[in-house]
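One chain comes next, on its own, written as structure tokens: the form predicted alone.
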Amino acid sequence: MRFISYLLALLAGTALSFEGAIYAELGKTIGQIETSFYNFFMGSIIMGLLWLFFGKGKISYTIEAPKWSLLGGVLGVVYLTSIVVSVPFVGVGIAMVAVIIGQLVMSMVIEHFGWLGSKKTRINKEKIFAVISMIVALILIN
């Protein structure tokens, strides 16, 4: 299962790069905010159909979920809109490396403190070196 998880994460990263490039172009045509809206509108339709046919019928439990856990939708909008706005200026590669650096740094902080129910994992020299390496990669790509 671990190997499949790695493959899925690789697939997700590939999809994000395509998405960034596609939506940057769509943003030039219909507008950046409209592109973000389009993404979430289409996603809602697709997810609605998936929920209708394959869901477990627990969507009404949303009101019982911890309120902080509902921020995921807001953060998704922030992420996608940021990509739509930044890719035309800096390119897909630089935008994606910057996203990865942000993900690495924030995931290290979240795991270090065990926030949001995550397993505590201390920040160490290797993780700091990985972030520095990514920053160097960003500089070299630029």
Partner chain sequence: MGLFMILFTLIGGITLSAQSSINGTFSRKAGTIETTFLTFLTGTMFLTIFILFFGRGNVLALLEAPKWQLSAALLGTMYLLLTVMAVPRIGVIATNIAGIAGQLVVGVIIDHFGWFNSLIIELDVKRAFALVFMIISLYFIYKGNKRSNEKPKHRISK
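Predicted, not measured: the structure shown is a model, and the values here were computed from it. In this text, rigid core is short for the largest set of C-alphas that superpose within 1.5 Å between two forms. Positions refer to the first chain, counted from 1.
Here the subject shifts to the form predicted together with the partner chain, a form of this protein not shown in this document.
When contacts are judged by a 4.5 Å heavy atom cut-off, His112 does not count as touching the partner chain in the predicted complex. In the predicted complex, the residues of 37 to 61 lying within 4.5 Å of the partner chain by at least one heavy atom are, in order, Phe37, Tyr38, Asn39, Phe40, Phe41, Met42, Gly43, Ser44, Ile46, Met47, Gly48, Leu50, Trp51, Phe54, Gly55, Lys56, Gly57, Lys58, Ile59, Tyr61. For Gly57, a C-alpha deviation of 2 angstroms or more is recorded between the shown form and the other one after rigid-core alignment. After superposition on the rigid core, the Cα atom of Leu8 is displaced by 2 Å or more between the shown form and the other one.
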